[in-house]
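Structure 1 and structure 2 below are the same protein chain in two forms, each given by itself as structure tokens.
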Structure 1
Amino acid sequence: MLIVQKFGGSSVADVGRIRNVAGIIAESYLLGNETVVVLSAQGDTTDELLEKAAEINPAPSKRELDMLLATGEQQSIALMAMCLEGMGLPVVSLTGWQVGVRTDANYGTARIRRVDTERLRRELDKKRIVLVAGFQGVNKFDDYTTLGRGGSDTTAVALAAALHADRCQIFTDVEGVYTADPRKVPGARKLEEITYDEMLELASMGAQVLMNRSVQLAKRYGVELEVLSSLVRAPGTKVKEVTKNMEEMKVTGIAKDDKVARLTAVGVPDRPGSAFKVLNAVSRAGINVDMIIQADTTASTNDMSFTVAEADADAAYKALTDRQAAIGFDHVTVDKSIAKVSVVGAGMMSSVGIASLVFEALNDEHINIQMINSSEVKISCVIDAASADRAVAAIHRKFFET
């Protein structure tokens, strides 16, 4: 059996945890499995490297930043290789370019184009454990590139797809995917299974267990994932196309995203093309827009509100104000004191009254809803950020604890 395992930064944060992970890897290998392991940088290494870079140059080039950040994962694989060598196991550590992870040329947010598996297969044929630096690849200029947030998850799924692995395990500091954040909601339950679509929605809506890019890749190539803990030996959560209780569970989970902001273009002319001009100004700045609402304010103008990632709020504001005269609106407001709470479940599309229960839970807590968005598998509400944790707990009680 060929297994790809991925361990996050918290799983390899110090010597004790490296030894713990080495034990998990050894167990898989000694059972006779071909074992490929993707590692993240230790603990807060990436943040520390970013801080060091800022001390030297507040605005470094993205190429040089990628050269720096790629070293974090290289430290992890080298240290883990030394640990496994000390246990008498055959092992080799490989960087992104040695493995053949080929990406596009977008430094900092590169996307994987292909994986050349020749080196991987050669090392596996030698019966070695192969340790791979996650989060990184190499572009057509033979420069290091990094894959952005959640890049090591994406690396693991890409390798599993390229190698046609039998299993792809994502080890974290939690025991699986829960109905809500178990650190904030004591009654949260661990899920045995979840569909790709549900996991993708939860990841997109703020759940931190898996990054949405890795889930998209797994769905595209049919890679079944298992999310489990590196600290507790227990079955995790399987992420797959179809689950056995797909229609039985109306709601699978509740997620919170408090890293969002709302921008409002006030006094947008009420004529064809105005909404396009507003959103086009933002999209041309490379910013994704999420929830959108338009409200009539006068006979001739509208207020147009939309949400973006909080990190993009200032850039979106500038993009809009630069086009203010051309579009013809009055001014732009920015609100960073909001959060998005989302309810996700594949069974929602065939169930009646889900939205009513969500709104009832928020009403019980006297929480005002500012914006609403829905699809076949989710309902999202924008509320005041200060009420977000209380909202998640109230909705969870409504669906899982009563």
Structure 2
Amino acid sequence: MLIVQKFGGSSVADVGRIRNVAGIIAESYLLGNETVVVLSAQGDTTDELLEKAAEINPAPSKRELDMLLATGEQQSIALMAMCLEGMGLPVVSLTGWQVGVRTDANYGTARIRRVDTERLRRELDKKRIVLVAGFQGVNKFDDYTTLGRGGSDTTAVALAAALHADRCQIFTDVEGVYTADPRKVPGARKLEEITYDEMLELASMGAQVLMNRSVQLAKRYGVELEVLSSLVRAPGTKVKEVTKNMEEMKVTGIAKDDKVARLTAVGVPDRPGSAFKVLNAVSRAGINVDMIIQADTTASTNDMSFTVAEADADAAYKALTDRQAAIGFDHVTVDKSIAKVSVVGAGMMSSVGIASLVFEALNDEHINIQMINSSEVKISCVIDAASADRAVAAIHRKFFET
């Protein structure tokens, strides 16, 4: 069997954890499997590198930032290779460049275009364990790029797809995908299985256990994923196209995203084209807008609020204020202390009352809802960030703990 295993940052955080993971890799290899392993940077290395960069230059070029960030994963693969060498096992570590993980040119958020399998195949044919640095690739300028936070998941799925792997295991620090973040909600339940669509929605709404793009890729190439713990031996969660209990489960899980911000253009003239002009100003800056609401404030003006990723908030503010005179609104406010709480489930469209249960849970906790958004597979509410964990817990109790 050809197996791709991915271990996240906490799974390789220190020497003890590296030895532990080496044991898991060795076991797969010694069972006769062709074993390809994707590693993340150790512990908080990526955050520390970002801090280090900010100390030197608060606005470094994205190219140099990627050059720096790519080193985190390189440390992990080299250290793991040394550990496996010490155990007497044949192993080779490879960077994204050595493998040929080709990406588009977007530093910091690069998308994988293709993965060369030649070098990987050659190393596997030599009966070596192959360790690959996650999160990184190379663009058309032969520069390092990174795939966005949590990107090692995507590297693993891309390698599994390119190599037609029999299994793709995502090892992490929890036992699988739960109905809510098990670190925040003690009553959260481990899911035996989850569909790609539900997982994609949960991941996109803030459940960082898998990067959303890795799930997209897995769905596109039919790569079945298993999310499991590197620390506890227990069956994990299968992520796949169809699951056994698709019909019964109206709600699959609850997610929180507190890396969002709300902008409000105050006093937007109440006339055709105003909403377009406001949103166009933001989208022309390459910023994605998520939820939007418009409120009538005076006879002749509206307030237009929308949410963006927190990282884009300042750029969105600038894009709007640059157009303030031309559009004719009064001023812009930015609120970074908000969070989006979402309830996700494929069975939701065929069931009334889910939204009212969500609102009831928030009402019970006296949490004010600032914005609401719903689709066939989810309901999201924007609330005050300080109440977010309490909100998730309350909603979770309503759906899963009664």
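Only a predicted model underlies this, so the values are computations on that prediction, with no experimental measurement involved. For residue numbers, the reference is structure 1: its sequence is counted from 1. For the two forms, the rigid core is made up of the largest set of C-alpha atoms that agree within 1.5 Å on superposition.
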### Query
Looking at both copies of this chain, which one is the form predicted alone?
1
#### Entry: Yes/no, residue 61 Cα shift of 2 Å or more between structure 1 and structure 2 with rigid core fixed
yes
### Task
Superpose the two forms on their rigid core, then report whether the C-alpha of residue 51 is displaced by 2 angstroms or more between structure 1 and structure 2.
yes
### Task
Report, to one decimal in Å, how far the Cα of residue 300 moves between structure 1 and structure 2 once the rigid core is superposed.
3.0
